[in-house]
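First comes one chain, alone, set out as structure tokens in the form predicted on its own.
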């Protein structure tokens, strides 16, 4: 018999890195609505605490911890705080990441004059900002016997997108990491912990807003090109990522690991013809 609560996250303690960001807002709200307890990790305390207060006012539970995903010591402190308060960690959503201005190649700049440090920074943020939290929180998640880790990939790992090389390399590395780590975890922990990723298409965030929209809200040439190549002819809304996220965090995906789930309005399958 198929359980009626297979998508429930009731009582599950789930860390969301980047939980103060645009996509993170939908992640933590969706987890709370399914009965989970989102632990919001981020560097914007004001926004993090606002989101906790909103969830609590709607009858849920949540907690905010200020932490930088690239600082292992801060994550260890966060882990200890979570265990002291909640006693366990059931899941992790690696939402921290995104592009950075110095990792973007300006259209007038020569391709042989890349900002190497900027590219490195974008790569480190996206890749190591995912790997390090897994190293810190993963052993506790495995102890639950039914843990789930969800990484955030990007269509830029599947299609060559101009200008955003550092970001694209970071996301492509996450794809490899997700598959490799899922297999290695299974070899050592069996089916007690799984790792998958979500591959978003184009959603307007703080990092890409200036690339895709003008100050008056109209689309830039790049924004229009994306819309033309997206069969749904629009950008995604952050809440449209929540269904895939809940599925991957819940018992509904217990036999799924190492997969990259696309939520892109058809962008990656479109030939343009």
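Just so it is clear, the model here is predicted, and its values are computed rather than measured. Numbering follows the first chain given and starts at 1.
Unshown form predicted in complex with a small molecule; subsequent notes refer to it.
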| query | finding |
| --- | --- |
| Stretch from 165-173, 185-193, 114-122, 80-88 whose residues place a heavy atom within 4.5 Å of the small molecule in the predicted complex | 165-173 |
| Contact at 36, 148 and 246 by the small molecule in the predicted complex, all three, heavy atom at most 4.5 Å | no |
| Among the candidates 213, 49, 43, 229, the residue which, in the predicted complex, approaches the small molecule to within 4.5 Å (heavy atoms) | 43 |
| 4.5 Å heavy atom contact, residue 197 and the small molecule in the predicted complex | no |
| Residue 138, heavy atom within 4.5 angstroms of the small molecule in the predicted complex | no |
| Partner proximity in the predicted complex: residue 23 to the small molecule, non-hydrogen atom cutoff 4.5 Å | yes |
| 4.5 Å heavy atom contact, residue 96 to the small molecule in the predicted complex | yes |
